[in-house]
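Only one chain comes next, encoded as structure tokens, the form predicted on its own.
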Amino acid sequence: MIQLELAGENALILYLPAEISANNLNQLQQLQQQIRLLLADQLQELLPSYASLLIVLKPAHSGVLAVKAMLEQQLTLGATVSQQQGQLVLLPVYYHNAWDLDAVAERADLSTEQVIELHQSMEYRVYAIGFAPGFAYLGELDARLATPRLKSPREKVPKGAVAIADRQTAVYPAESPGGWNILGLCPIPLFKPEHAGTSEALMPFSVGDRVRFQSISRDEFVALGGQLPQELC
């Protein structure tokens, strides 16, 4: 079921049933293709999330109410949504118990080695990008690793921190505040503003892509350009 609402003079927001699922992700990708064709030069930007899609129109559009009525008539969902598979991105991780690895293991009644194995055994879809440039919301974790956010967020989370919250996982692309449970560090830059205006990608992934983590040693982390925070030096 598609629900379309006004989101300003130049924007609409489309909602699907509120759930984190691969089916929602595939349906949103299908709808984006339709909207690009239907709106053509009137479209400025599409911003997908887990179960919604923000449609931003260029200033010279035919009227937001007219666009809304047209989309409500023209947008359709296929009876069988194709299982689109984006590119697979491998991200190395130096897992370390300097932060929350031990606590996550204790909560799940697992060893730290089992937590690491479970975390890197899954293939995650990129559901949305936000919070910070290059921050991808990845789902879903093995249910045994589901862990609530920290009661009090840290004022500083190191760049590259690989973390989990509920049944999601992510990598912090830069030092920032954060309330997710940190398992380790990734040495790969996830946002390259120096690529703006060039043919090079700003980020290694897009919504719909797949991500898999791979455990590496401390020496491999450093060799790949990773910078150890003070607590690991």
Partner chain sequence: MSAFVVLKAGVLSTLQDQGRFGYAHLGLSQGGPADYASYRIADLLLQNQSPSCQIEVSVGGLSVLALTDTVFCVTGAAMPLTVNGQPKSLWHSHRIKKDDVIELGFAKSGLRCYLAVAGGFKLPKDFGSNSTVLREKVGGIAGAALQQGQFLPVRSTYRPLLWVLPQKLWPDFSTPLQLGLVPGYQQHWFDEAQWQQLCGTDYQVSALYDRMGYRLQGEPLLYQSQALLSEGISYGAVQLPPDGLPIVLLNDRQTLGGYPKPGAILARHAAALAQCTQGHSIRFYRIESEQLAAYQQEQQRYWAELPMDFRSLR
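Just so we're on the same page, rigid core means the largest C-alpha set that superposes within 1.5 Å between forms. Everything quoted here is computed from the prediction, not taken from an experiment. Positions refer to the first chain, counted from 1.
Below, we turn to the form predicted together with its partner chain, even though it does not appear here.
Trainee: Of these, 156-164, 124-132, 111-119, 85-93, which stretch puts a heavy atom within 4.5 angstroms of its partner chain in the predicted bound form?
Mentor: Flagged stretch: 124-132.
Trainee: Can you work out whether residue 181 and its partner chain are in contact in the predicted bound form, taking contact to mean some heavy atom pair no more than 4.5 Å apart?
Mentor: Residue 181 lies outside the contact set for its partner chain.
Trainee: Does residue 44 reach its partner chain in the predicted bound form if we count a contact as any heavy atom within 4.5 Å?
Mentor: Yes - in the predicted bound form, heavy atoms of residue 44 and its partner chain come within 4.5 Å of each other.
Trainee: Would you classify residue 215 as touching its partner chain in the predicted bound form, given a 4.5 Å non-hydrogen atom cut-off?
Mentor: It does not: once its partner chain is placed as it appears in the predicted bound form, residue 215 has no heavy atom within 4.5 Å of it.
Trainee: Is residue 10 a contact residue for its partner chain in the predicted bound form, using a 4.5 Å heavy atom cut-off?
Mentor: Judged by the heavy-atom cut-off of 4.5 Å, residue 10 is in contact with its partner chain in the predicted bound form.
Trainee: Look at the candidate spot formed by 20, 51 and 193 and say whether its partner chain comes within 4.5 Å of a heavy atom in all three of them in the predicted bound form.
Mentor: Yes: each residue has a heavy atom within 4.5 Å of the partner.
Trainee: With its partner chain left out of view, choose which of 38, 188, 69, 202 has a non-hydrogen atom within 4.5 angstroms of it in the predicted bound form.
Mentor: Contact with its partner chain in the predicted bound form is made by 202 alone.
Trainee: Once you overlay the rigid core, does the Cα of residue 55 travel 2 Å or further between this form and the one not shown?
Mentor: After core superposition, the displacement of the residue 55 C-alpha between this form and the one not shown reaches the 2 Å mark, so yes.
Trainee: Against the rigid core, is the Cα displacement of residue 194 between this form and the one not shown at least 2 Å?
Mentor: No, the C-alpha position differs by under 2 Å between this form and the one not shown.
Trainee: Does residue 12 shift between this form and the one not shown by 2 angstroms or more at the C-alpha, the core having been superposed?
Mentor: Yes: residue 12 shifts by at least 2 Å between this form and the one not shown.
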